[in-house]
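Starting off, we have a lone chain in the form predicted alone, written out as structure tokens.
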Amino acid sequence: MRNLPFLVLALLAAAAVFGAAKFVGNSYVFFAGYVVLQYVVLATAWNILGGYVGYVNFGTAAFLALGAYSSVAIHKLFPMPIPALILIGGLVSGVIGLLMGYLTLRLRGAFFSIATLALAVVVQTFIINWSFVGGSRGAYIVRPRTTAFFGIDYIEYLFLIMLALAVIAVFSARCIEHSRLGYGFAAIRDDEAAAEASGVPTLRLKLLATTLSGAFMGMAGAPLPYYVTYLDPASGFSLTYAVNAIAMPLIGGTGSWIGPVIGAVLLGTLQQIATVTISSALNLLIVGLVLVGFVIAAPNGLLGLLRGERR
């Protein structure tokens, strides 16, 4: 019950965000807002494993692409509503996350991170050679101009879908943080050997973390084909997703549900402004410069900086 007020506040904030975007009256706000919200979900998902448990995952793009290409495959077989595609994409990526965890979680530190990077290469190679979803040529998705959902524009519908998914991801992360599961994650992050010696089921908790993290990443990627209308391996496995998913929690502050949200909104908004005013090619440069600045000035992110000043 203690999480119910937070859920109500999150829903009110989401309604305010949609109302503000609608008030602006510019469709590009929904295009850009979708990307920022997608990063909120990705950063929150990465933080479940990287921030709460302390295992750095470089395979974010693989899980997102799995969700996206699951939607492409289902669209060709039997078109389904996007909420159903999100559930299927989350299921596929969650299962892959569980398998990845089972194979790699006995590794620690840089060895685990390298293994997740290898997973991304394997998945990308598989997609490139899978002609049913377009292979290296890519696949087109024809989306309608409007939707039956109150007759709104389709991009507004996608914005609403991602906004709801962001609320679910953030709410789930907060519930995890303030639960026995979250305390178990924190024990592993602080000292895994001591946690295991104290009776914490470390392998089981790590498998659960990789499953949850992968599932949310897949959910974030499921609507992507309908957003871009053309999906190829270069865009689905873009380095931008992997870099942003790591940089945003680090900038906002790992170990807390609010850190990834702050980092995603701040960095995502800067990137969208740069895309419109200068060039989209500056996105990774912006991430690099901001990340270097925070590593020097605030190595624990904005949250760590604020907590230090409060003390």
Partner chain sequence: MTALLSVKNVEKRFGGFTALGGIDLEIQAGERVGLIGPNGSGKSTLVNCLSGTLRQDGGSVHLAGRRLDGLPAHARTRLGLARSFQLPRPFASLTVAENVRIPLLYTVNARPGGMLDGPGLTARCLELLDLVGLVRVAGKMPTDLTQIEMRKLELARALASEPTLLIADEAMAGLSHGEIDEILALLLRLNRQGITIILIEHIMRAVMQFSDRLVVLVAGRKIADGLPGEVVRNPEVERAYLGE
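Numbering follows the first chain given and starts at 1. The shown structure was predicted, so the numbers you read here are calculated from the model rather than taken from an experiment.
Although not depicted, the form predicted together with its partner chain is the subject of the following passage.
In short, of 109 to 117, 235 to 243, 77 to 85, 197 to 205 it is 197 to 205 that has heavy atoms within 4.5 Å of its partner chain in the predicted bound form. With a 4.5 Å cutoff on heavy atoms, Arg189 counts as touching its partner chain in the predicted bound form. Although the partner is absent here, Tyr140 sits far enough away that none of its heavy atoms falls within 4.5 Å of its partner chain in the predicted bound form. Residue contact with its partner chain in the predicted bound form: Gly184 places a heavy atom within 4.5 Å of it. Heavy atoms of Ile152 never reach within 4.5 Å of its partner chain in the predicted bound form, leaving it off the interface.
Note on the partner interface in the predicted bound form: the residue among Ala193, Val95, Leu103, Val121 having a heavy atom within 4.5 angstroms of its partner chain is Ala193. Shown here without its partner chain, the chain has no residue in 93 to 118 lying with a heavy atom within 4.5 Å of that partner in the predicted bound form.
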